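Next comes just one chain, in structure tokens: the form predicted on its own.
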């Protein structure tokens, strides 16, 4: 997809030369100019909000930025951690404020309202200037969401040593806009449960690298932890415990917390597969429930899938999906559709009776199920999102606006694009964060994870969103996401298994290329990602180290060819 354009924002900075030395910026901005002067942040530094009718969440974002500026206290990743900067700082000018403003024609809506607008209509671009002479820095955008993105960048520019917060790169001029509108992180909270506190901590980290969509895979065959007003039994019978439930107030809190940080919550209730747990409440709606051997009926235990051929199941599912979706501000809702196992229905009496009495095929029944459920979502103003099998493995009539998530292989994007559907890249061969942990199925000590090996940040970073597509198809690519399936993950390892690896796709889909126009490059990126990771530690996260500390302090010294 071609980069989105400014609508009358400040002119792009010429030159765009990437300065030498380690920069903490991630994702790297569209255009960037820096100097070589030291600039200190005044102890009395403040954010000057010159926005008429500024919403409450903008002031909250400013307070957050002020907190990070005062408390990050990140030493430069060089030997000595900044001890050699004291000479330059002795004569440095002092920065006293950052002035925030909107373009003259912009309306100050809440960040939370801007964050959930349809893809392609959100304004995330901004322009940031920091003079070297100590005069006010300025941040201008077309929306409060753009101001929020700019604040995130501003916070990444400064280091700390000896009681002084500073940069060595003044003057700084940045204009920035995302290359793709969708930049996501998916989390499965059904295989294992994550408390709300873990989710909001993850949302914070997502906002630091400008990820704008939380893909919440909230239910699966193993548990149904979502409280649904119309169907309370689903969570009562389907959650692991009464304490491991996302109540309606939990969901609203998470959605509001995310939106205030520029993040849309796209919920997924996977159907008609991955639904075994529904049998705990509605046993007549599920085929092959807990059948063995499970591997004949499902990709993982327990077996069980919705009897989607039955009219009462179609009605139930439609009511369930719309009942949840209508309470969410996002324009997008995922109905899943992956890994449907036809063995489950071959000897299922209710399914076969329905098919035989109507003369319908299994594919025809799935088509009806999908059309009815999706039409109801569309009537609620939601765009359906599905996994790739709905397009590539079945002959279904999907609405033109349906979005398809490509996960089995990155190579499948071309086949989806050939059918004219918009794409979210989620390829297991690049973006699955759970791969490489070994097999988790019992009684099989030689087993490995199906998507071995471990997907390093650098492997993910080499992903090309436009590979194998024609230029005419580039516009179908909305963006992409990294994903954590939680068979072997839980709160105890959430931070290190996700971070900082999930920042890889954040830069792929925000930046698209280096400010110079050169392709993204792992050698150039590594020192910056070290900075991201160390700043995350300063903010209380527990991301995995990328290299020994010795290497992080000596950029490029641990490269294979060094």
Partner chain sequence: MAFSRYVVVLALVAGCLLPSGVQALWPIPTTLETGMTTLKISPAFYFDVQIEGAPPDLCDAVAQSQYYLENDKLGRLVVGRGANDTTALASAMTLSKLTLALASGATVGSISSEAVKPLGTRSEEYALMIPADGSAATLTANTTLGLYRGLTTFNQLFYYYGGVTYTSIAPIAIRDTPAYPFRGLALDTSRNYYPVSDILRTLDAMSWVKINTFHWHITDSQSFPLEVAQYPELAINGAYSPQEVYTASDVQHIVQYAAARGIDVMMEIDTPGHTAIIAATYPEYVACFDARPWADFANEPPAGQLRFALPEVMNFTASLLTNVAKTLPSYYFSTGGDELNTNCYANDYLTQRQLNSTGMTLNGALDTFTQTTHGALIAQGKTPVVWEEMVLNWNITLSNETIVMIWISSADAAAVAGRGFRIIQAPSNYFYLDCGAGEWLGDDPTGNSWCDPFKTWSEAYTFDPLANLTEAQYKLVLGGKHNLVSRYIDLSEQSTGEQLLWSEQSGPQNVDPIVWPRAASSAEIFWSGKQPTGAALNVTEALPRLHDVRYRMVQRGVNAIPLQPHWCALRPDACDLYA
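Numbering follows the first chain given and starts at 1. Everything numeric in this text was worked out from a predicted model, so none of it was measured.
Beyond the structure shown, there is the form predicted in complex with its partner chain, which is absent from this document and is the topic of what follows.
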- [ ] Check each of 456, 318, 94, 327 and return the one that places a heavy atom within 4.5 angstroms of its partner chain in the predicted bound form.
- [x] 456
Open item on the list: Please tell me which of 196, 360, 375, 437 lies within 4.5 Å of its partner chain in the predicted bound form, judged by heavy atoms.
Closed with: 437
TODO: Please state whether every one of the three residues 342, 383 and 409 places a non-hydrogen atom within 4.5 angstroms of its partner chain in the predicted bound form.
DONE: no
Open item on the list: Is it the case that residue 496, even though its partner is missing from this view, gets within 4.5 Å of its partner chain in the predicted bound form, heavy atoms only?
Closed with: yes
- [ ] Give a yes or no for residue 292: in the predicted bound form, does one of its heavy atoms lie within 4.5 Å of a heavy atom belonging to its partner chain?
- [x] yes
Open item on the list: residue 312 versus its partner chain, in the predicted bound form: is there a non-hydrogen atom within 4.5 Å?
Closed with: no
TODO: Answer with yes or no whether residue 522 is in contact with its partner chain in the predicted bound form, where contact means some heavy atom within 4.5 Å.
DONE: yes
Task: Segment that reaches its partner chain in the predicted bound form - one of 157-165, 329-337, 457-465, 104-112, heavy atoms within 4.5 Å - done: 457-465
Open item on the list: Just to make sure I understand: among 462-501, which residues lie within 4.5 Å of its partner chain in the predicted bound form, judging by heavy atoms?
Closed with: 462, 487, 488, 489, 490, 492, 493, 496
